[in-house]
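Below sits a lone chain in structure tokens, taken as the form predicted alone.
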Amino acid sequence: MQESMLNIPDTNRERVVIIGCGFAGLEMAKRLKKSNFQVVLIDKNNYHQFQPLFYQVATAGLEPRDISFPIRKIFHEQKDIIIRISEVIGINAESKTVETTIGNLKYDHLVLAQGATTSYFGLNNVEKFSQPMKSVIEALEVLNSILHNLEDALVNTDPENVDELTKIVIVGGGPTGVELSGALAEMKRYVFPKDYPELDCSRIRIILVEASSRLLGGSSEKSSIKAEKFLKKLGVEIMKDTLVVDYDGSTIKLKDKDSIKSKTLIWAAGIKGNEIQGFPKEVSTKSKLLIVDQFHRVKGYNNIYAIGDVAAMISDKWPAGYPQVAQVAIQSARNLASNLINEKKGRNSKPFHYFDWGTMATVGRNKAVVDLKYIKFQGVIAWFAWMFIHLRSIFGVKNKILILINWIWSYITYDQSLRLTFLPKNFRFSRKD
């Protein structure tokens, strides 16, 4: 394929190619506007996704459109940002070329911000039968699965089958697992009894499985304990120090513990970098993250950079790299963009130092835990702080208003109004012949 197939104009300006439009790639492109670079932004989707609220799509609290934003609309006023929707196949560092499904593209500077995907730690059956939640589409699939299983439970006469259909197991006690468990527990209490009055909703069980000794490993011990207390009060069953070793779509096998029978296994236990072909193995960690120096340069390369979830900036304080959260991605993008601009002006680049603003997680209605730099608090105030910060971070006035309306409605009515299921092609309702 030739570069001309991408229909990108020739220029005497240096070209910065950014792969991925998550928090890191989007911030990078915004910072390079009017910078005298030709900026080409490549993503396989034509929208940016607000990942922290995926769980609300999975629990019918928000619509996918509320947390998805068209990339081209974001850059309406930046005509110097060139956008191409395509998948990246590989990198040829020697010829400074990016190979995509629609053509090849030369670069002067390459910024890898393609993010991370779900890691199953080599558990092939778990990968085949469980449900991840790393995209809006996957969040919708989680919701579909839960609602279809409840429909099946409603017409099933075998108690064992009903137990399997009404048991929801979430693996991973990080923010995603905790927030999803709390939201599902609220639905069990306030929503499902009204939707399924013929079903004994007390039989619905929500089980959170965590491999380590505590939830929210990146938060303070106080917040971890408080989050666990909140979840237990909501009726969530918590299994710590528990490893999943296999799953066949019906039986979840645990290491040194009794198996769990369930038709729903939601996997939120690990992540790995989205790989792009063209790099030797030594530039990546075991989790497929690209090893970078303090200037975001991929190990062994001067003009290839990695930022966001796909990057591992290893130090004594952070031996596994910085946490894969939005603030690291955004701050990394700002630093790299500034360095590229300064370098062009003959100024020195600045090494990256992450400023940790803290962590937060919501645990159902009126409950959250917040660990900020200098203060930690939990409960109702933390919940409102969580709402404010996330609402402030959402793109677009329209989206902010829609989300606020949905949150207010849910708060007043104890209800979510978006419980729609979409049947995939060739779907067939299960029945007993």
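Only a predicted model underlies this, so the values are computations on that prediction, with no experimental measurement involved. Position 1 is the first residue in the sequence shown; the rest follow in order.
There is another form of the same protein, the form predicted in complex with a small molecule; it is not shown, and what comes next is about it.
- Screening K376, R31, H390, R365 for any heavy atom within 4.5 Å of the small molecule in the predicted complex leaves a single hit, H390.
- Only one of the listed residues (T264, S332, Q114, S219) places a non-hydrogen atom within 4.5 angstroms of the small molecule in the predicted complex, and that residue is Q114.
- Contact with the small molecule in the predicted complex, defined as any heavy atom within 4.5 Å, is confined among 306-314, 119-127, 165-173, 288-296 to 306-314.
- Although the partner is absent from this view, N104 stays clear of the small molecule in the predicted complex, with no non-hydrogen atom inside 4.5 angstroms.
- Using a 4.5 Å cutoff between non-hydrogen atoms, V57 does not count as a contact of the small molecule in the predicted complex.
- When contacts are judged by a 4.5 Å heavy atom cut-off, S86 counts as touching the small molecule in the predicted complex.
- In the predicted complex, the small molecule lies farther than 4.5 Å from every heavy atom of K398.
- No residue in the set L143, K188 and N406 has a non-hydrogen atom no more than 4.5 Å from the small molecule in the predicted complex.
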